[in-house]
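Consider the single chain below, provided in structure tokens and representing the form predicted alone.
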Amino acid sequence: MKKMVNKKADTIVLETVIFIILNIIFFVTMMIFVFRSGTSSYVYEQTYAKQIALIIDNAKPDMAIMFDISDLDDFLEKNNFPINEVFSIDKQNNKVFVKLGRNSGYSYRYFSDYDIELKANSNRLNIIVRNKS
């Protein structure tokens, strides 16, 4: 009879420990998500990546488009992040990458099959669209 009580106690303790560990993992994951979503870099990355992809999809060959990015000036200056590392293109997978932090970044796919070149200045992004050669 005594062994049966110990087995029940062992399973109750084990279940409680597993429950606490899973709750800790869940809350840490939620805090990371809330912290990441709460920063403006996440919003800027998504917004600019999607807007640039839409511009590329609506562009015709031999177009040069100037896109206003003056909203990023204060953010980049505050975080000491260089403008030439913010925007990039993955030509193999047709993706626009916007990266506003050392460990962050957001990519968005575009459908046009053009040769795209991005040149960022202090307050504008030049998007150059050419036919693939």
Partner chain sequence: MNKKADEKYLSIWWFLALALTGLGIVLAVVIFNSADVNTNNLEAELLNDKIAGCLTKDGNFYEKALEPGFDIYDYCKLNKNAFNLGSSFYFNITIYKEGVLLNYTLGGDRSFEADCRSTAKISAKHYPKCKSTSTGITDKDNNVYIIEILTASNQEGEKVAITR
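Everything numeric here is computed off the predicted structure, so don't read it as measured data. Rigid core: the largest C-alpha set superposing within 1.5 Å between the two forms. Numbering follows the first chain given and starts at 1.
Here the subject shifts to the form predicted in complex with the partner chain, a form of this protein not shown in this document.
S.K.: Taking heavy atoms only, is Phe75 within 4.5 angstroms of the partner chain in the model of the complex?
M.R.: Flag for Phe75 set to no.
S.K.: With a 4.5 Å heavy atom cut-off, would you call Leu22 a contact of the partner chain in the model of the complex?
M.R.: Within the cut-off, so yes.
S.K.: Val28 versus the partner chain, in the model of the complex: is there a non-hydrogen atom within 4.5 Å?
M.R.: Contact with the partner chain, no.
S.K.: Is Ile83 part of the interface with the partner chain in the model of the complex - any heavy atom within 4.5 Å?
M.R.: Taking the distances in the model of the complex, the answer for Ile83 is no, it never comes within 4.5 Å of the partner chain.
S.K.: Verify the C-alpha shift of Phe19 between the shown form and the other one: is it 2 Å or more after superposing the core?
M.R.: Yes: Phe19 shifts by at least 2 Å between the shown form and the other one.
S.K.: Once the core is aligned, please say if the CA of Met30 is shifted by at least 2 angstroms between the shown form and the other one.
M.R.: Shift of 2 Å or more: yes.
S.K.: Looking in the model of the complex, are the Cα atoms of Gln46 and Ile25 closer together or farther apart than here, the change being 3 Å or more?
M.R.: Pair moves farther apart in the model of the complex.
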